[in-house]
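One chain comes next, on its own, written as structure tokens: the form predicted on its own.
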Amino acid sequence: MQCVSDLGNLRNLLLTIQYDGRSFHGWQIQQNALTVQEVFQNALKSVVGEFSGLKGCSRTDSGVHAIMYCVSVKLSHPIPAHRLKNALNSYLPDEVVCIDCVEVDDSFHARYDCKGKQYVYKIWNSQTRNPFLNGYALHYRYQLDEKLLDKASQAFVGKHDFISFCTLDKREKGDFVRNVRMFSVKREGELVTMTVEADGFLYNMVRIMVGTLLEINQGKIAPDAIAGIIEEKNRAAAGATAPACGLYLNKVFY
């Protein structure tokens, strides 16, 4: 990131981007892997030169997609916001696109001012794989009872300690309480979509929720077990972590 001490008259901008996560190892810069942040910063530097305070709204894992991802950045370049959007798209790779750019208050922070997020997880529920959804949805060959899973998923809703639905690493410290506002499981033909909205998410939280529901579908976990798994506060009690390919950051709320 370009952090330059002599930048003056800084403007704070909020940019909204979309990206296909298949080519990237998540959002955040890594030493030995290509990330969305790296290509975004390179494009931004090509357009405006110096900038500072670039912040993403969330971490996303390798292979996860974003329909709405928000970035705040401070720069002194006078380029109008709408022109910056178009200029960035001239430098960004095909897998990433900027869809909006607006000026915001100087104190705005893409991550800390976020009031909540919505994720969707897509499952192609068919004996036959769909080549057009390879890398964009989990291919699940077994019969899936979306009504059963929708009912079971309501136990996620509410303010709970979700440590049972979290992969513990150095990124997760202290407070594991999150408020899940809604969870739904819906079918449209052979495509099943799980949607979850919360004030925040722990590392791998959505993927573990999905994996737990799939094990309920397979009869490995009882349909009414989710409340008990939450209370147990034990990652081993929940299901496996579902693959990243079906997960999308769908909405960010401010």
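Because the structure is predicted, anything quoted here is derived from the model rather than measured. Residues carry their position along the shown sequence, with the first being 1.
Keep in mind that the form predicted in complex with a further copy of the same chain is missing from the display, and what follows is about it.
Exactly one of Ile67, Ala225, Leu214, Leu202 has a non-hydrogen atom within 4.5 Å of a further copy of the same chain in the predicted complex; which residue is it?
Among Ile67, Ala225, Leu214, Leu202, a heavy atom within 4.5 Å of a further copy of the same chain in the predicted complex occurs only for Ile67.
Though a further copy of the same chain is not shown, can you say which of Leu148, Leu168, Ile99, Met182 has a heavy atom within 4.5 Å of it in the predicted complex?
Result of the distance check: Ile99.
Sort through 108 to 116, 69 to 77, 150 to 158, 82 to 90 and report the only stretch with a non-hydrogen atom within 4.5 Å of a further copy of the same chain in the predicted complex.
Of the stretches listed, the one contacting the partner is 82 to 90.
Does a further copy of the same chain get within 4.5 angstroms of any non-hydrogen atom of Thr128 in the predicted complex?
Output for Thr128 is yes: heavy atoms within 4.5 Å of a further copy of the same chain.
Within a 4.5 Å heavy atom cut-off, is Thr241 in contact with a further copy of the same chain in the predicted complex?
Answer no; every heavy atom of Thr241 is more than 4.5 Å from a further copy of the same chain in the predicted complex.
If you check in the predicted complex, is Asp175 within 4.5 Å of a further copy of the same chain, heavy atoms only?
Because no heavy atom of Asp175 falls inside 4.5 Å of a further copy of the same chain in the predicted complex, the answer is no.
Does the 4.5 Å heavy atom contact test between Lys233 and a further copy of the same chain in the predicted complex come out positive?
So Lys233 does not count as contacting a further copy of the same chain.
Scan 132 to 152 and write down, in order along the chain, each residue with a heavy atom lying within 4.5 Å of a further copy of the same chain in the predicted complex.
In sequence order, Phe132, Asn134, Tyr136 come within 4.5 Å of the partner.
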